[in-house]
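One chain comes next, on its own, written out as structure tokens in the form predicted on its own.
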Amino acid sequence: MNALTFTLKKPLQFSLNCQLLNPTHLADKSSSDIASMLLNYGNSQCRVDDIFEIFGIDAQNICFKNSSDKLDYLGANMASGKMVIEGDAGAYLAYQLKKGEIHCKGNSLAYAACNMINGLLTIDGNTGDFLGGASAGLRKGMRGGTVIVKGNAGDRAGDQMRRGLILIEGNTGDYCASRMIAGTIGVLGKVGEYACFNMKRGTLLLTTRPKLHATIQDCGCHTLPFLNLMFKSFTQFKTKFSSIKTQRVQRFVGDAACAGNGEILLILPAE
């Protein structure tokens, strides 16, 4: 079947809430039902067919074409199917994603994978602050699933992350893994200041030593054979992390200021 395709007709002036346009919500909708659905646009509402040209019938495979960073909540609460975004995405991409796959071929704004529960999110470009973080009022961020970012991430990546895997091939901003509760974050590029601030548990995997604050403690160099298996497991995601061969790391623990048992594993060159 042909993928259900939404092509943006013209540039948007305001943010459009797209949380209803996902495979789970559209599974039993007819073409006319989808076209007449109302979406929140700025402080008003508009019909789907006022904003998008609609083609295809396979609601389990959704494609957004000519997309922009005005499209918020793409893939929100999605629990099945696949979504491809051929362009940029707005804020809250994959918000509370429960199951399925989302592939954004451009950049996204803040709060991507916010409160994510399961599934796979791939972002080919850059993403904003609070990747995999918690939305306002909640104390737990990402709770499962996998996020692959080919570009850079903003500040507070993995803030209050509870479970899951985030792999960032570019750089991150300040406070990476801040208040992290558990899970794994990998960064191939540079990391900003105050990495692992108030970290309780979890792992931050790095290739470049960050500027660490005083309550992160150096535990020396180690050979960790399990890393070989972990890097091989990343092959399924087609990420640069799967090409890492070394098992040697310099290990740091903290944040001691909050009795944290988290760790930073700084990957060392193979001997």
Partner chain sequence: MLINGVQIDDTFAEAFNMRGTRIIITAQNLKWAYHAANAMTGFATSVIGCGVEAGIERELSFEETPDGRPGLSILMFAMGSKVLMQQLETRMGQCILTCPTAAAFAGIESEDRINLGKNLRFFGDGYQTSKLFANANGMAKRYWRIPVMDGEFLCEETTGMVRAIGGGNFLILAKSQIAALAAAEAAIQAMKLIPNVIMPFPGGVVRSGSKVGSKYKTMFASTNDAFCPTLKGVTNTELSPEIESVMEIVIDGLNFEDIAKSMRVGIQAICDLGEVSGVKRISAGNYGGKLGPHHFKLHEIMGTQA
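No experiment lies behind these values; they were computed from the predicted model shown. Positions refer to the first chain, counted from 1.
Omitted here: the form predicted in complex with the partner chain. The next part is about that form.
At the 4.5 Å threshold, heavy atoms of R248 stay clear of the partner chain in the predicted complex, well away from it. Although the partner is absent here, T184 sits close enough that one of its heavy atoms falls within 4.5 Å of the partner chain in the predicted complex.
In the predicted complex, none of the heavy atoms of A214 sits within 4.5 Å of a heavy atom of the partner chain.
With a 4.5 Å cutoff on heavy atoms, C46 does not count as touching the partner chain in the predicted complex; it lies far away. Per the 4.5 Å heavy atom criterion, the partner chain in the predicted complex is contacted by stretch 202-210, the sole one of 60-68, 238-246, 29-37, 202-210. Of the residues given (R163, K82, K190, K105), R163 alone sits with a heavy atom within 4.5 Å of the partner chain in the predicted complex.
At a distance of at most 4.5 angstroms from the partner chain in the predicted complex, all three residues F226, M230 and E263 contribute at least one non-hydrogen atom.
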